[in-house]
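Just the one chain here, the form predicted alone, laid out as structure tokens.
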Amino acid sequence: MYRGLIVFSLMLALSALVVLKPSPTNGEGKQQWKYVGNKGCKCHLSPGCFEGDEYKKIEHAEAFKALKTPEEQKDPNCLKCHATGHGGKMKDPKLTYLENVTCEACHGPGEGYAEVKNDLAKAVKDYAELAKKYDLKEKGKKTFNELLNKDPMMARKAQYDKGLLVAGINNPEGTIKAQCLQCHWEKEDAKDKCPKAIDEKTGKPKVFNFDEAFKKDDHRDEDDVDKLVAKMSPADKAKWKGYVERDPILNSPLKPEAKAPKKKASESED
């Protein structure tokens, strides 16, 4: 069994953690938003959305099944990698964690996204100025999508400034690999490897090959921000410093099917 699987949410990453604070906490170590579960990601997980369709294929989506015994299903050392949000605050007070490695394992608690998507006027500090600049007419849930259509980068900035993990890289190093290594290991003699993760063919501890895993589990989608960044001049990238990709691997080619025509289900930038 794998010790755990962290979701490869591989869109764009932050480039300046000192400027932005991509953390689900409020800066004092307290969880800022609650976990809502994958049901809160209905757009991205709807049929026809590449990100969600790819996520459903990988082992992360069923990571909890690896915990076979009641003891394992209660063990914090198992739950920290086979479940999401263990020990954190849940939208459903009856839950103490979410089964499997969900979207929120890397993107952060979904409640924060809902604040921006459902009521941009309350979520953004200088909303009046923003509304005037872009002549925003829509209200409620439609407001964010209106801004996204008029200026995708500004929509992304609204989320980043809120402190949301839009990029899906929930670690201080700000890289996809560092995210994976929170629950995987690259050497057989790694001190923190799971003693139950044994290769049945060799009898040796399983090891993690990042390059292979990235190619297999990559579920980046090509969205409006991706297209803009690809065409940006050095001056534009300097202008948007802190809001364009940080991890070089995110510049690697997308899977061909990620660029295929699709329905506009992924209206949000999470």
Ligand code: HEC
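If you're wondering where the values come from, they're calculated on a predicted model, not measured in any experiment. All residue numbers are counted from 1 along the displayed sequence.
Keep in mind that the form predicted together with this ligand is not shown, yet the notes after this line are about it.
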{"query": "Exercise: Lys34 in contact with this ligand in the predicted bound form, heavy atom 4.5 Å", "finding": "no"}
{"query": "This ligand contact in the predicted bound form: Glu186, any heavy atom under 4.5 Å", "finding": "no"}
{"query": "This ligand contact in the predicted bound form: Lys196, any heavy atom under 4.5 Å", "finding": "yes"}
{"query": "Proximity of Asp75 to this ligand in the predicted bound form, heavy atoms at 4.5 Å", "finding": "yes"}
{"query": "Which of 75-83, 147-155, 132-140, 119-127 sits within 4.5 Å of this ligand in the predicted bound form, heavy atom basis", "finding": "75-83"}
{"query": "Contacts with this ligand in the predicted bound form - residues in 99-120 whose heavy atoms fall within 4.5 Å", "finding": "Val101, Thr102, Cys103, Ala105, Cys106, His107"}
